[in-house]
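What follows is one chain in structure tokens, specifically the form predicted alone.
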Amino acid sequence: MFETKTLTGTAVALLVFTAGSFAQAPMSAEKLALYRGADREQILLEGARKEGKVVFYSGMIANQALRPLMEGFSKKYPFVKAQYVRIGPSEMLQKVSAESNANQFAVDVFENVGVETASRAANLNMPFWSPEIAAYPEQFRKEPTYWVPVRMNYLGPAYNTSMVSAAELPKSYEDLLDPKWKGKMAWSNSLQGAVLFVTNLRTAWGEEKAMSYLQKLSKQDVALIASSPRTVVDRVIAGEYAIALSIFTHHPILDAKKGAPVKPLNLGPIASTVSGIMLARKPPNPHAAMLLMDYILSAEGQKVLRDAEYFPVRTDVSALDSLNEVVPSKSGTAENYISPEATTADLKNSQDIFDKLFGSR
């Protein structure tokens, strides 16, 4: 009897231990990314303490945004070493694709301009959920959530204030067709430059009106700069060109603060795009990754980006007053939001139109 009781007690103890072990078994990264239980934060914190690291790829400027963003995260979670890599959109896609092909991801979380649909098509990311998403505009809360925007981008023209007087300042896109601007305008060959300019007019005006306008613009000898929109602004500041087309409109404001002779030119429609944050398909540090995404999407994280002179997306965090002149809703300028899906859908046609009308420049 004694032996039987001992065996029964051992069996019960084993069952209790086994059940507890199953209850505490770690979730897969896929389940963790979508988990909404009341103990979510506790699970993330415990897991992140063990991981001790998170890696973030981004196109944001390092000293201006990435460093303060990671410092804010590390202050809140000192047990996680936050690392970042600043990298452009094309290079980022190549890097993450190489990691995916090798089945050895180094990145946990990534974001950049215009990489959302390409990342999804290449199976580089996976759906996730964060309680912070509820504070974002409804149009960005579609499920399954493969990306959530963390910054808005506004793109339009800018001009050199030493070369363009107030009296001759263009008041509309049609004014750019004036012969006096022939050979004095420039744009970038990047997707956020000339091709987005074409997409903006096509989606805002319709094909017929846009094509009529672009055919006329093609006779203005717009210089094509084989670099980023940022470089185009620099060339305008240097006096090489009077007007820049399709640049990030807050850049001239920041340059003007430093004494540069440049200002944004608010011609409607201003193109607006977003930069979405994504979770790598196989993040090496999934718990820390989710904490980082929560932080960047939170009001605290968005305020860091605001103070770094970026445009937050959360409904409860506004841009700096000094940048309001290029925020269409504040300046009264017509805005044309071009979603990542729309950008991708129109990419080939816009590229073909650009190549046909401007490619030889």
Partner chain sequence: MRAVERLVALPLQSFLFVCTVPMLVILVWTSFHLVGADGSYNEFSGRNYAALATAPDFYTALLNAVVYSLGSAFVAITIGAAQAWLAERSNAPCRQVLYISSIVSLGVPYVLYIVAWILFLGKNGPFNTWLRQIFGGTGVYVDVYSMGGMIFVEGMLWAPLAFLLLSSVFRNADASYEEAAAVCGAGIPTTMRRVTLGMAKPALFALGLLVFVRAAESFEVPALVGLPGYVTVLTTSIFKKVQHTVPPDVGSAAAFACILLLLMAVLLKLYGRMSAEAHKYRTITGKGFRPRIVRLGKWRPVAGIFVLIVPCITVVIPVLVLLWTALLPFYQQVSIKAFSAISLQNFRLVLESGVYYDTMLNSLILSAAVATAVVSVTSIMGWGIARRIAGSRSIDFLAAVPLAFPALVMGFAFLQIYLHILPWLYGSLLSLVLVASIAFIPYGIRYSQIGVIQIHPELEEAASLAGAGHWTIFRRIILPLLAPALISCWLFVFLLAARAMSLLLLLVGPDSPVVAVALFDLWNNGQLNELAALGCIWTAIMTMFSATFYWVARRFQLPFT
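Numbering follows the first chain given and starts at 1. Fair warning: this is a prediction, and the values are worked out from it, not measured in the lab.
From this point on, the text means the form predicted in complex with its partner chain, which you will not see here.
*Asks:* Heavy atom within 4.5 Å of its partner chain in the predicted complex: which of 152, 133, 191, 210?
*Replies:* That would be 191.
*Asks:* Tell me, out of 214, 237, 270, 265, which residue has a non-hydrogen atom within 4.5 angstroms of its partner chain in the predicted complex.
*Replies:* For this set of options, the contacting one is 237.
*Asks:* Thinking of 128, 306 and 326 as one candidate spot, does its partner chain come within 4.5 Å of a heavy atom in every one of them in the predicted complex?
*Replies:* Contact check failed for every one of 128, 306 and 326.
*Asks:* Is there a heavy atom of residue 91 lying 4.5 Å or less from a heavy atom of its partner chain in the predicted complex?
*Replies:* Flag for residue 91 set to yes.
*Asks:* Would you classify residue 76 as touching its partner chain in the predicted complex, given a 4.5 Å non-hydrogen atom cut-off?
*Replies:* It does not: once its partner chain is placed as it appears in the predicted complex, residue 76 has no heavy atom within 4.5 Å of it.
*Asks:* Examine residue 140 and determine whether its closest non-hydrogen atom to its partner chain in the predicted complex is within 4.5 angstroms.
*Replies:* Although its partner chain is absent here, residue 140 would stay clear of it in the predicted complex, with no heavy atoms inside 4.5 Å.
*Asks:* Flag residue 55 as yes or no: does it have a non-hydrogen atom within 4.5 angstroms of any non-hydrogen atom of its partner chain in the predicted complex?
*Replies:* Flag for residue 55 set to yes.
*Asks:* Counting any heavy atom within 4.5 Å as contact, can you tell me which stretch out of 143-151, 168-176, 286-294, 100-108 lines its partner chain in the predicted complex?
*Replies:* Only one stretch qualifies here: 100-108.
*Asks:* Within 4.5 Å of its partner chain in the predicted complex, which residues of 253-283 have a heavy atom? Give them in sequence order, or say none.
*Replies:* If the 4.5 Å heavy-atom criterion is applied to its partner chain in the predicted complex, 253-283 yields 258, 259, 260, 261.
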